[in-house]
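Listed next as structure tokens is one chain, alone, in the form predicted alone.
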């Protein structure tokens, strides 16, 4: 039983088309967006406000309305970071795991785990109801 190794594109090479091209483009654009979101988050949480100010009450005050800017900002940061990370790990698994069954199992675990983390993170960010704020 001989398995043919498929030729894989270099990490630095842009895919020629299809879904992989869209994921390649997503990684570049989401990386830029994550850089801006993360730097903004760090600036707001650690430079505009001192570390001593950031507490439950601080977050509760920021989230005091149901659908405000900060909830969506934090949710966008969570979503982009998870998608970017899961897609990066998917690429690593595709590049380095040769056994089809093992690759499928790892990819399934990655997608289930990523979906689970995104779901509980979304619940925390979007459904958080401040108590005593």
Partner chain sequence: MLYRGREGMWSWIFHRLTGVGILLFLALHILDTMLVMWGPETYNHIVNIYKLPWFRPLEVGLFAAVLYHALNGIRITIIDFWDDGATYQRHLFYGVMILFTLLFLPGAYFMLRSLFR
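Take the two forms, find the largest set of C-alpha atoms that superpose within 1.5 Å, and that set is the rigid core. Positions refer to the first chain, counted from 1. Please read all numbers here as calculations on a predicted model, not as lab measurements.
The form predicted together with its partner chain exists for this protein as well; it is not shown, and the discussion that follows is about that form.
- Candidate site formed by 18, 103 and 109: none of these residues places a non-hydrogen atom within 4.5 angstroms of its partner chain in the model of the complex.
- Its partner chain is not shown here, and in the model of the complex it never comes within 4.5 Å of any heavy atom of residue 30.
- Taking the partner from elsewhere, residue 96 is found to have a heavy atom lying within 4.5 Å of its partner chain in the model of the complex.
- In the model of the complex, at least one heavy atom of residue 56 sits within 4.5 Å of a heavy atom of its partner chain.
- Residue 23 falls outside the set of residues with a heavy atom inside 4.5 Å of its partner chain in the model of the complex.
- In the model of the complex, its partner chain lies within 4.5 angstroms of at least one heavy atom of each of the following residues of 79-95: 81, 82, 84, 85, 86, 89, 91, 92, 95, in sequence order.
- The Cα shift for residue 55 between this form and the one not shown, taken after rigid core superposition, is 2 angstroms or larger.
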